[in-house]
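What follows is a single chain, given as structure tokens, in the form predicted alone.
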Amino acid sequence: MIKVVIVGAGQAGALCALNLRRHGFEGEIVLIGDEKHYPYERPPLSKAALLGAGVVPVYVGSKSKFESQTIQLKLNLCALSVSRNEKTIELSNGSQEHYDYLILATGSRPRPFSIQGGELPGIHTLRTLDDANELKRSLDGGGGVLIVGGGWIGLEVAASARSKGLQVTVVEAGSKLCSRALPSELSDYLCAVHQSKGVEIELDTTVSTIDGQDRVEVAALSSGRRIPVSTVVVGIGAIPNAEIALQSGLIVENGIVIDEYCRTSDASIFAVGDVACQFNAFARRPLRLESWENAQLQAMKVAKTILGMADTAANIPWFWSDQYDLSIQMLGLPGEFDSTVSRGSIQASEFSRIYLKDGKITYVCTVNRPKELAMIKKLMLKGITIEPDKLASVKSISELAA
């Protein structure tokens, strides 16, 4: 009987297991996770989860679901090493698991915050359910909140904290918020939104030191400003958990390198999710995508590949963020463009901003326009060439997507 071992019981790993069963895999499945919790989705942890009476996880599957699918779930265990010759994994409890196929879904971890005072209580990163519970308790205690890093995690937490009535300051080392994901004008729009809600934004600024006795009390900024704080949230990027792959001799470059089938440099080992770096046909370069959709799609692809139903369809990178009453969605990646089209009203925070190169859409950001985003995606997948004036003037994108 063929045995599949999955290391990493987050969304990507859990979906690999469930998709294998869904598509008829009858062999043994072992899912190993280093947390005590059943697999859950991470995106809600920085959004609505911080606003309610308690952090309620969105589980990928219940205990009964995994049991009914005869998926062996082994929690609170770490994979220490892989022997590719023996096809075995050594676990932190001293046991070993043999595999025929191994799936690495080890995710990523927050980039460390290495400054004086960075070890004080009250400084948080946000990756796990336990992180979210600790952060919520800190926010519920009141006081000033400092967000270090003006990316998506930081801004979502800023919105949640401000919605709780807390004083919030965002410190970003760069000149723009979300500079890797948003063109300049959209970054400016998002900055203005947060400022209108009462968030202080400090660009081109870093944190010099954190001071306090038993916990954080004051943050000293590179500008010379000193801010009283009770909670510090650090969101300055993520590092792929690729050490076990590197130790076993797999190719690792900004994550575990995989092909179009999610195979690593060892044909019996796959990698999915935040830890995996894969060539993206739409972007025309290797990408390590930290997104909900990427975890979904790669988990499905691996399951089908193992079952001989390989699917090499390329996907357009898609991301979303909920902040205040805004539903922000992005398709593609910012890059070269020669024309832009705006639809809707930026002032009313209901708009689409579309970027084109040689008449083809390369990137779009929508705010509170989910249906239009879905129609634009059809145009992008078809590679249709469109006149910008026509794109701006049609009443509905569906007229072009038909």
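The numbering used is simple: start at 1 and walk along the sequence shown. Just so it is clear, the model here is predicted, and its values are computed rather than measured.
The form predicted together with a small molecule exists for this protein as well; it is not shown, and the discussion that follows is about that form.
Q: Looking at the small molecule in the predicted bound form, do all three of 79, 107 and 319 come within 4.5 Å of it through at least one heavy atom?
A: Yes, because 79, 107 and 319 each have a heavy atom that approaches the small molecule to within 4.5 Å in the predicted bound form.
Q: Is there a heavy atom of residue 61 lying 4.5 Å or less from a heavy atom of the small molecule in the predicted bound form?
A: Close contact is absent here: in the predicted bound form, residue 61 is far from the small molecule, nothing within 4.5 Å, heavy atoms only.
Q: Would residue 12 sit within 4.5 Å of the small molecule in the predicted bound form, counting heavy atoms only?
A: Within the cut-off, so yes.
Q: Is residue 28 one of the residues lying within 4.5 Å of the small molecule in the predicted bound form, judged by heavy atom distances?
A: Residue-level check for residue 28: no, no contact with the small molecule.
Q: Given that the partner is absent here, does residue 211 sit within 4.5 Å of the small molecule in the predicted bound form, heavy atoms only?
A: Outside the cut-off, so no.
Q: Which residue, 324, 282, 189, 292, is the contact with the small molecule in the predicted bound form, using a 4.5 Å heavy atom cutoff?
A: Exactly one residue meets the criterion: 292.
Q: Note which of 32, 365, 49, 376 lies within 4.5 Å of the small molecule in the predicted bound form, where distance is taken over heavy atoms; exactly one does.
A: After the contact test, the surviving option is 32.
Q: Out of the stretches listed (64-72, 38-46, 355-363, 331-339), which one is close to the small molecule in the predicted bound form, meaning heavy atoms within 4.5 Å?
A: Residues of 38-46 come within 4.5 Å of the partner.
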